[in-house]
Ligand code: A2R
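Listed next as structure tokens is one chain, alone, in the form predicted on its own.
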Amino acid sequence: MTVLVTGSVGFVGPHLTSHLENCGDEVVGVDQFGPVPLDITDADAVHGAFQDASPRVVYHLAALSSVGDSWKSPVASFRVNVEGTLNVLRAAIDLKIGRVVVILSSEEYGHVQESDLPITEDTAIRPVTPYGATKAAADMLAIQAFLGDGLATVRVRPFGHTGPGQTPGFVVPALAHRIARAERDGVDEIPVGSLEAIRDLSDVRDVVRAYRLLAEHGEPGEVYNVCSGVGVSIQEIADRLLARAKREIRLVVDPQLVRPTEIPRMIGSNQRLRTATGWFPEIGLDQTLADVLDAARRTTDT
């Protein structure tokens, strides 16, 4: 079956493309920086790309996904994440594409209390970051496309995920790259931001398996968390990475690396996903961290 992936050359896109191809799908990838260039904010270009590909399923990954950058450039985040999603949905409606898997974010949940944990899909959406607000708006567009236009949208809210290929703008590869540089340069300490936050972290290779399963088995109009269901602190992640370092390295908190707003605990429930698809995580955190650190070392050595 022919499928189309927006944001195909980002972090998640190549992992999803590889998984889809291994499952026998014919993948058309489009991306602003890819071999088939596409500006997701250009409605006519999106429509043309979809018409040329004629996919049965669209996986909409394209986004400006850095929470930190969304504070600096909220307008750009809104244009890509909201207007871009609108363009994808309208093209899919016009061309009668069978299903659109819309990748959103756990950042939509935002302000959560201990009593909210674990976070289910019924938890109120109260975003505290510009990025989270853009994804909440995209979520509403996907609901409207289903209810108002009959488009079979499946909404997905992934929690934190990492793996080889993620840029150092995210916490795990950022730590890994600092460790790799410290190993190379003989440095004894590295800067870090806040270490207290607790996150639900998955391997990207597990996450993309969930996306395809939801394309096959997800209920149109429904929303699904993709998460491990287990919380881990940034401190523990840093400690596990440091345990793999080739020299003694200390952490030093740098106030400039601390986000203006930090959600203390984000732990999700994946029960709805499991019930619908039978999915469960296969790759443990230690393996994920080892792979990210190895990738950082290879990049640092080049």
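All residue numbers refer to positions in the sequence shown, first residue = 1. Because the structure is a prediction, the values reported are computed rather than measured.
Beyond what is shown, the protein has a form predicted together with the named molecule; the following relates to that form.
Just one of 41, 277, 271, 235 has a heavy atom within 4.5 Å of the named molecule in the predicted complex. Which one?
Only one listed residue qualifies here, and that residue is 41.
Site check 7, 131 and 161: each within 4.5 Å of the named molecule in the predicted complex by heavy atom:
Yes, all three are in contact.
I'd like to know whether residue 289 contacts the named molecule in the predicted complex, with contact meaning heavy atoms within 4.5 angstroms.
Answer no; every heavy atom of residue 289 is more than 4.5 Å from the named molecule in the predicted complex.
Verify the contact flag for residue 65: yes if a non-hydrogen atom of it lies within 4.5 Å of a non-hydrogen atom of the named molecule in the predicted complex, no if not.
Result yes; residue 65 sits at the interface with the named molecule in the predicted complex.
Quick one: does residue 88 come within 4.5 Å of the named molecule in the predicted complex, counting heavy atoms only?
No - in the predicted complex, heavy atoms of residue 88 and the named molecule never come within 4.5 Å of each other.
Wondering, does residue 20 line up within 4.5 Å of the named molecule in the predicted complex on heavy atoms?
Outside the cut-off, so no.
Stretch in contact, per heavy atom within 4.5 angstroms of the named molecule in the predicted complex, of 48-56, 263-271, 236-244, 32-40
Within 4.5 Å of the partner lies stretch 32-40.
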